[in-house]
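Shown here is one chain on its own, the form predicted alone, set out as structure tokens.
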Amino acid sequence: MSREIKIEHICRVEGHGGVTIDLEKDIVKLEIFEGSRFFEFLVAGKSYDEIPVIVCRICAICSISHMITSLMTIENAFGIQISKQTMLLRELIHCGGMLESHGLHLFCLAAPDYLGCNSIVGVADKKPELANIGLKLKKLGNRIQEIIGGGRPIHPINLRIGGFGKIPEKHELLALKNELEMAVNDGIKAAAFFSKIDTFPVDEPQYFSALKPVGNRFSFYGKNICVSENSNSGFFNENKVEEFEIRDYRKVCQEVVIQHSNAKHSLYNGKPFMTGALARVMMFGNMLYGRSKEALDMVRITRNPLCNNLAQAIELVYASQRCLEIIDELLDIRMENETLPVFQLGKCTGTAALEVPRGTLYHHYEFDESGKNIKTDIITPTAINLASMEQGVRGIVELHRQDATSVEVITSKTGMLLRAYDPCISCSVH
């Protein structure tokens, strides 16, 4: 048997990465090939209002995630309060981004692993209903982003600091409701499919991290960072949890430079940790309600990273359900165009975080007296997860080191594990 396993390209993920495994020297390297793009330096010296439209171009899949987090960071820096209408519209477009991203990942990228095929084409051949669900959800998510974002499904132009340039028409929101009701049911079907998939033993992350929802309901927004330590007693409220203010995000994400990767790794207490749908559902799934609670109750979910696929399916139900609630709330408050807030420029610092498709996204900006950017720090979910992903591959290698067919087994299981994390490599090398 060869003492080195080389995966030149991890297929069906966003971006370019590979894996090198040296069985003789016991080395596992998750290699990120894409070059650093230095967005943090690109916005240096830029005016505060130029930053959101630049950083949202870190990724076309995650553009709304970066846009909203950037706006929240600027508003935090300058003490800007947003209206309920703005908050709801942002949450609506953000949930649209969740539908688009989870739909793409689950049905086009992950599902082929479990159906013995290589692409969405094979899924369409073997399970046409699944392929149709995935494409419908992705299209619906893009449509929501297009309606709220000013006519563009990516890199939206309608979101402003403190508000929106133009609010959607009532008939546009009403037209989404039938599709969203079907999306709730499609999410239930997705959860049923992924709940029947057998997982294989993988090293479980010692820590999960996610934002703690405000109040007693599940949400992609939160005011504090929670880190949950693995516990044999179960999950949800039974885990030991440490809590941090968002401005102290560096206490959670301790970044280190890795020689074999163009993306940094993040450690907590010197150890890898996981963020994303699985972390959110494991830590705060007891706050799900309505149809999303039904979806959770009908499945068995564990801390195995492969269950991130199942957790994303549950979040599809939640995101669709939440979109319906938001549309009703917006229609109740009778939307109207609002004047953008006036605020005082001055030397200040802002930090914000948001739960996005792949986990917690952090933005931190510092401004001088004239509102020019003097420092930016962005930590993306995939950069956080890379150390955990590499640790998982190491566990696979150790488990199958002596197998006669270990090369094929290790290669196959490594690809499935890495895809389950739904990495966005372009974001990791921002």
Partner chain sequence: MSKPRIGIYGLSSCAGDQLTILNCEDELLEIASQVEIKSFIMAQTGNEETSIDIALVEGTVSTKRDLERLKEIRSRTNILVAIGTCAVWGGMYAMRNDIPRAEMIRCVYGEKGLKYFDAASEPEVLPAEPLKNFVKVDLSIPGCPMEKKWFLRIFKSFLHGDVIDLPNFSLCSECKMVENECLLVNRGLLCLGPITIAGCKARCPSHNIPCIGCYGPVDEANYAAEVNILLSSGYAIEEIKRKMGFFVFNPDLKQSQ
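No experiment lies behind these values; they were computed from the predicted model shown. Residue numbers count along the first chain shown, from 1.
We do not show the form predicted together with its partner chain, though everything after this point is about it.
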Subject >> Check all three, 14, 47 and 117, heavy atom within 4.5 Å of its partner chain in the predicted complex >> reply: yes
Original post:
Can you check whether residue 186 is within 4.5 Å of its partner chain in the predicted complex, heavy atom basis?
Top reply: no
Original post:
Within a 4.5 Å heavy atom cut-off, is residue 175 in contact with its partner chain in the predicted complex?
Top reply: no
Subject >> Residue contact check: residue 86 to its partner chain in the predicted complex, 4.5 Å heavy atom >> reply: no
Subject >> Contact test in the predicted complex: residue 331 vs its partner chain, heavy atoms, 4.5 Å >> reply: no
**OP:** Tell me, please, which stretch of 359 to 367, 54 to 62, 393 to 401, 22 to 30 lies within 4.5 angstroms of its partner chain in the predicted complex when heavy atoms are compared?
**Re:** 54 to 62
**OP:** Sort through 350, 153, 213, 272 and report the residue having a heavy atom within 4.5 Å of its partner chain in the predicted complex.
**Re:** 153
Subject >> in the predicted complex, the one of 206, 76, 158, 195 near its partner chain [non-hydrogen atom within 4.5 angstroms] >> reply: 158
**OP:** Would you give me the residues of 97 to 135 that have any heavy atom within 4.5 Å of its partner chain in the predicted complex, in order from first to last?
**Re:** 100, 104, 108, 109, 117, 118, 119, 120, 121, 124, 135
